[in-house]
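Listed next as structure tokens is one chain, alone, in the form predicted alone.
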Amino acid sequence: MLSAGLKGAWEMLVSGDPVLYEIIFLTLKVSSLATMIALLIGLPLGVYLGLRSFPGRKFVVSVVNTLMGLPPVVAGLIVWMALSRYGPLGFLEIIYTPTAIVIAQVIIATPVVTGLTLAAIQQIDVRFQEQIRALGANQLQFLWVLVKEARYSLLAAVIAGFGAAISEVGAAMMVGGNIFGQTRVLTTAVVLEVSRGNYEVALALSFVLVFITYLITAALTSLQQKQYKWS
């Protein structure tokens, strides 16, 4: 069955199956947008938590660490309750749309990015930070040097955030509805084919998902390792 799945994945890719490529495009569009939003939120928040001391900081950090393991179906339920017809944001009428999937994936990916960014900043020696200050760097210059110092770990945060977004299925199914041509992404398409008993098609779609994820993460990893090698 595995060989049949691999063969099916290859045939679907090289044949230019319009249905498959539509699903792939939507998957990449939704997950990439969710990852970018998660980075815009998670990177600054992680840096702030890594540098600042304030009342309740330990509680906030523990919440972030807890949310890193948030079950996707819980995130999906929260988004569904907020966006459903009788929810507080129901008037937006975006439930069962790609936007709803993006929101759910952002909730899942942001704690991952925040937690890994926090860990990266905390690994920087305090004496190094003091040296930057002593050299007269302003706040913006200080932050830039820290981010540059932690860039390898921050790239790992990007990879992990994207992985959390593109591999999610429970929340996407719950808030997207797996509607053909509208909200069907690779993960929900796999679940659908399994429910229909089309295991070879499900395997083929799974291999396509793994292949696409590998290509993107491999590119980011190559960038990370190249910078590390020549820095």
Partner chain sequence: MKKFLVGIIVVLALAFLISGDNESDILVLATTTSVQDSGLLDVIVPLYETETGITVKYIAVGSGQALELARRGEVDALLVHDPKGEEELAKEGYVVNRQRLMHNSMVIVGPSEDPAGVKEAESAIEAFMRIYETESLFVSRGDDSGTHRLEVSIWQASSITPEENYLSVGSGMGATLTIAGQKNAYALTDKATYLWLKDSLSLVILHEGSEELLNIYHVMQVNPERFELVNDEAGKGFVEFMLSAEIQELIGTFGVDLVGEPLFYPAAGGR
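Numbering follows the first chain given and starts at 1. For clarity, every value in this text was computed on a predicted model and none was experimentally measured.
The following text describes the form predicted together with the partner chain, which does not appear among the structures shown.
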Only one of 94, 147, 156, 119 has a non-hydrogen atom within 4.5 angstroms of the partner chain in the predicted complex; which is it?
-> 94
With the cut-off set at 4.5 Å between non-hydrogen atoms, does residue 103 touch the partner chain in the predicted complex?
-> yes
Consider residue 57 of the chain shown here, and say whether it contacts the partner chain in the predicted complex, taking contact as heavy atoms within 4.5 Å.
-> no
Hey, in the predicted complex, is residue 44 touching the partner chain, heavy atoms inside 4.5 Å?
-> yes
Find out whether any non-hydrogen atom of residue 195 is located within 4.5 angstroms of the partner chain in the predicted complex, and reply yes or no.
-> yes
Thinking of the partner chain in the predicted complex, which stretch from 62 to 70, 159 to 167, 30 to 38, 202 to 210 has heavy atoms inside 4.5 Å of it?
-> 30 to 38
Which residues, if any, of 142 to 179 lie within 4.5 Å of the partner chain in the predicted complex when only heavy atoms count?
-> 177, 178, 179
